[in-house]
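In structure tokens, one chain follows: the form predicted on its own.
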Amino acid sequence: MSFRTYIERLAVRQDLVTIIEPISTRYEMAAVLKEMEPRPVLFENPHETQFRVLGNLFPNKATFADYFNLSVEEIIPTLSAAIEQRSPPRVVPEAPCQEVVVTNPNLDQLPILRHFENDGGRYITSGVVVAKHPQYGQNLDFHRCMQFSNNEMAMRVVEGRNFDTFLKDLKMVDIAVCVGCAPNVLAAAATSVEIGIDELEIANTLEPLDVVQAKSVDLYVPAEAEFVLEGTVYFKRKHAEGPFVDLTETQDVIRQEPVFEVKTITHRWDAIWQALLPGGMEHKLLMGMPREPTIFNSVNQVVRCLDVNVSPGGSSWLHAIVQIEKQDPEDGMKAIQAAFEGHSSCKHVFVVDKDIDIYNPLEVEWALATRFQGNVDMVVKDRERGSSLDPSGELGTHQTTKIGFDLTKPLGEESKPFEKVEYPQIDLGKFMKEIDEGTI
């Protein structure tokens, strides 16, 4: 199923909000998307462009699972299996993403949103970047791109990422920025895997994928994408990038970042632009969810891990709630250490028992209140490198204090005082027949 096909499914089910009135890509669309979360929104008549815009497509795990006909509990095993059992996509000679080829592109004609008044410019936020290295092969990743001329953008390249390695090695790298991709491509691009792994193979294992040779660069791109921006990123050419509102919903700093020169744009005849609201629910999902399998696999090597939630309350990046089946008194502490190893940007880890719903913050807080003592159940990891997204981390070095909370109960007879009492089960219909019949 493509990005386009899923939109059609949403429309048939009446789950899609369609805005007919003319609307601006400058602030107005972002405001509507925030107000409408988590409902997907299609803008039919943007002021500045001929192309339609869609946002809030996958704002939570339930909608992502729905696309693949999975339960939420099946997401982590499915992503883990796709990473381990990769398969190459099929190469096709022609593709919808190349129905229109523009060789003298003007970015002003695209519906690139400006989200906040203090933003450095118009930003592509949903673009999947395809790049290639002669030693490591193809790579997929997300890199936000800020427009500063009609054919140039400043690309945020995080130090240490695979693409950062490509740039430092080659100094200039041909890329394709793909907008309007299906969630198998989006999820694959957001995974953290070893350099040399082509994430398009992960995407193909999640769901069969066709790719096509790009028009002006030596890369394979998803055939069903809505837009593909082809060009070159120059390591030594820099431009100011930012401010930008990131996962934490706080404004990131201005940096000097590599320049992306757009040389060719291909798209569908009636292409739909995917808007990804910075700091919004969809942004958090696509950043946090692909980190859950890496935490799960790391924890599962030392204790029995049942589930992981990189929670929205922690900006879907800084907090992980790990559910384990405790079999040894030290399992909680082992799980904490393994979770930090599975996601090095994580700041706080909460380990809970299988009776705690990790998607219900009230239950997690209850476990913190009733099953935790700070002097014996807390791990403090002082002065470690954390995430550049954390505004409280040390400026420049990103040094931070990481804390793990063992919220598991003791084993055996000692666990009884820590267990919730089950309420009696009852058939309400026996006593509330009038409500069932609509008489009250």
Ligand SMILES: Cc1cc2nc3c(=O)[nH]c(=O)nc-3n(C[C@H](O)[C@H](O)[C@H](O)COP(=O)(O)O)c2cc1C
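Note that the coordinates shown come from a computational prediction; the quantities given were computed from them, not determined experimentally. When you see a residue number, it is the position in the sequence shown, counting from 1.
If you look for the form predicted together with the named molecule, you will not find it shown, but the lines that follow are about it.
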| query | finding |
| --- | --- |
| Close approach of Val228 to the named molecule in the predicted complex, 4.5 Å, heavy atom | no |
| 4.5 angstroms heavy atom contact with the named molecule in the predicted complex for Ala81 | no |
| Close approach of Phe142 to the named molecule in the predicted complex, 4.5 Å, heavy atom | yes |
| Met333 within 4.5 Å of the named molecule in the predicted complex, heavy atoms | no |
| Segment assignment from 133-141, 297-305, 110-118, 363-371: heavy atom within 4.5 Å of the named molecule in the predicted complex | 133-141 |
| Residues Asn162, Leu276 and Arg291 all lining the named molecule in the predicted complex, heavy atom within 4.5 Å | yes |
| In the predicted complex, the one of Arg156, Arg86, His239, His348 near the named molecule [non-hydrogen atom within 4.5 angstroms] | Arg156 |
| Contact assignment for the named molecule in the predicted complex, among Val217, Met281, Leu170, Met287, heavy atom within 4.5 Å | Met287 |
| Contact set, 184-210 vs the named molecule in the predicted complex - heavy atom within 4.5 angstroms | Ala189, Ala190, Thr191, Ser192, Val193, Glu199 |
